[in-house]
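The same protein chain appears twice below, in two forms, each given on its own as structure tokens and labelled structure 1 and structure 2.
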Structure 1
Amino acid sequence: MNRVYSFLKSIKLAVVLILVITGMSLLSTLIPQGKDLSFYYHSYPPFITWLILTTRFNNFFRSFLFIAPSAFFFVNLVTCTIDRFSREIRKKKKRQFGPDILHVGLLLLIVGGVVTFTGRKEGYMNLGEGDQINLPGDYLLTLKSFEFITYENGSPKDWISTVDIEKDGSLMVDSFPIEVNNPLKVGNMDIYQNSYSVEYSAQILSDSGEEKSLAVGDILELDDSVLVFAGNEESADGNLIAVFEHWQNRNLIDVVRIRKGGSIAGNTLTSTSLRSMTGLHAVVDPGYTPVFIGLIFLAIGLFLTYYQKLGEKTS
């Protein structure tokens, strides 16, 4: 038993495990992660592909190859921390708890990582001004406004999604500006500014008098081919023109541009429009709290270790 304990708390084991995790992680960055299986079949010889897929090296940080040495390292670190802490606490003077606090911080980081791995939930939503969406926890999010601000050179300066949050009919959050680096916290969920897009639409009136709104990707059927609504383009006179792709037997045979009032497949184009859409990202990550506490412990542990070492040298 003592031999097992001595082995598990050994600093040599720690160094070996650190170097193993380092080497494996290094290799993982040389092989593209999370690609389609066909990518590996096309990129590597059969044996290497078999090796990558069997060991799950294509998803290294979720694979046994990473999790096993990391779990072993966790046990090593727990044993080492308990051993070191119990030795320090028995000392009459010159106790040094910096490395223990640092190690506890690391343990919390690993625990937090596991909690994130198993419990993180996230979702994406694209909203235009005035749109509403129900969120978990009976929250109702309304996008009041969305601004896309650019620098003089046209590069993005800021995306601001101003939102209200209601719960059970009462306003919980009034006009919060969600920006990159300024997420909104709602209960245990954080909502981030994630992306920006433009939603095109075209309104048509059929010969039979039926009105229809087309979104990108919608199809108008012809006898032996289809017209796919591909979006809107701004013409030289500043008007929006509807663009349709004409497909026949899976071949693109033409691109058709129609102005307002023009005719397309027995329909009249009555109007075109575009909406700026914000992309929001909602995240629930129960692992962040232990990770954040772990980071604080890590910082305190490093400071104390360094401070106490400095004290030793000075004295």
Structure 2
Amino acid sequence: MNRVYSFLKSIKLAVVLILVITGMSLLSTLIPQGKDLSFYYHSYPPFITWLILTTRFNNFFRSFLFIAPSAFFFVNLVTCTIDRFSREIRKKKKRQFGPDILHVGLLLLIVGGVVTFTGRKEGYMNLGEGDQINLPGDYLLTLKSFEFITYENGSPKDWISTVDIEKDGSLMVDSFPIEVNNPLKVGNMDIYQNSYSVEYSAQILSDSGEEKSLAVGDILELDDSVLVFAGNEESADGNLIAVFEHWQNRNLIDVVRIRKGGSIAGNTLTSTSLRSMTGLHAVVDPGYTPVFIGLIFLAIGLFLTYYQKLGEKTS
């Protein structure tokens, strides 16, 4: 039993495990993670593909190759912490708990990392002004306004999404400006400003009087071909023109541009429009709290260790 205990608290074991985890993590960067299985079958020789999929190297941080050495390192660190702390407690003077607090911080970071990998959830949403979306936790997000700010040369400077958050009919957050470096926290969820896009649409009226709104990618069928709505472009006079791609037998044969009032495939173009769309990124990370507490313990442990070592040199 003593030999097992000595092995588990060994510094040499810790060094070997750190080298193994670091080396395997570096190797994993050479393999694209989380791709479809067909990607690996087409990208690598049969044996390499079999090796990647068998070891789950395509999802390294959830694989045995990462989890096993990380678990051993966690046990090693716990054993070292308990052993060292018990020895410090038995001392009558010059107790130094800085390294022990440092070890606790590392353990919390490992726990937080595991919780993050297993429990992290995220999603993306594209919204225009006035759009609403239901969020986990029975929250309702409404985009009140969206502002896209550029520098003088036209490059992006800032995106500002002003939102309201309601829950059970009550306003929880009023006109919060989400920016790139200013996320909104709602419950255990963080909402980040992620991207910007433009949504094009065209409204048509059929000869039978039926109105229809087209989004990019929508199709108008002809006898032996199709017209695909590709978006809008601005004409020289500042008006929007609807652009359609004419496809036949999977070949692009023409690009058709129609102004308001023009006719296409038995339909009249009544209007065109575009609106700015904000891209928001919602993240639920249950590992945030243990990681945050772990960083505090690391800072305290480093400070105490340095302070105590400095005191030994000056005494």
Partner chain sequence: MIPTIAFILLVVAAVIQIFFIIRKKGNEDFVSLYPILGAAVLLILTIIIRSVQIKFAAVTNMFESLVFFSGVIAVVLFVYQFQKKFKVHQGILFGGTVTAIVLLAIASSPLAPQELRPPIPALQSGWLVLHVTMSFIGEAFFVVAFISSIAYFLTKDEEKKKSADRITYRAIAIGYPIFTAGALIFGAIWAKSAWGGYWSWDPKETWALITWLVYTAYLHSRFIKRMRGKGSAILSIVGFLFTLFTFFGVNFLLAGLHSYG
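The structure displayed is predicted, hence computed values, not measured ones. For clarity, a rigid core is taken as the largest C-alpha set superposing within 1.5 Å between two forms. Start at 1 and count along the sequence of structure 1; that gives the residue numbers used here.
K.L.:
Here are two forms of the same chain; which is the form predicted together with its partner chain?
P.N.:
Structure 1 is the matching one, since it is the form predicted together with its partner chain.
K.L.:
Once you overlay the rigid core, does the Cα of residue 265 travel 2 Å or further between structures 1 and 2?
P.N.:
No, its C-alpha moves less than 2 Å.
K.L.:
Please say whether, between structures 1 and 2, the C-alpha of residue 52 moves by 2 Å or more once the core is aligned.
P.N.:
Shift of 2 Å or more: yes.
K.L.:
Given a core-based superposition, decide whether the C-alpha of residue 31 shifts by 2 Å or more between structures 1 and 2.
P.N.:
Shift of 2 Å or more: yes.
K.L.:
Report, in Å with one decimal, the C-alpha displacement of residue 43 between structures 1 and 2 after core superposition.
P.N.:
Its C-alpha position differs by 3.9 Å.
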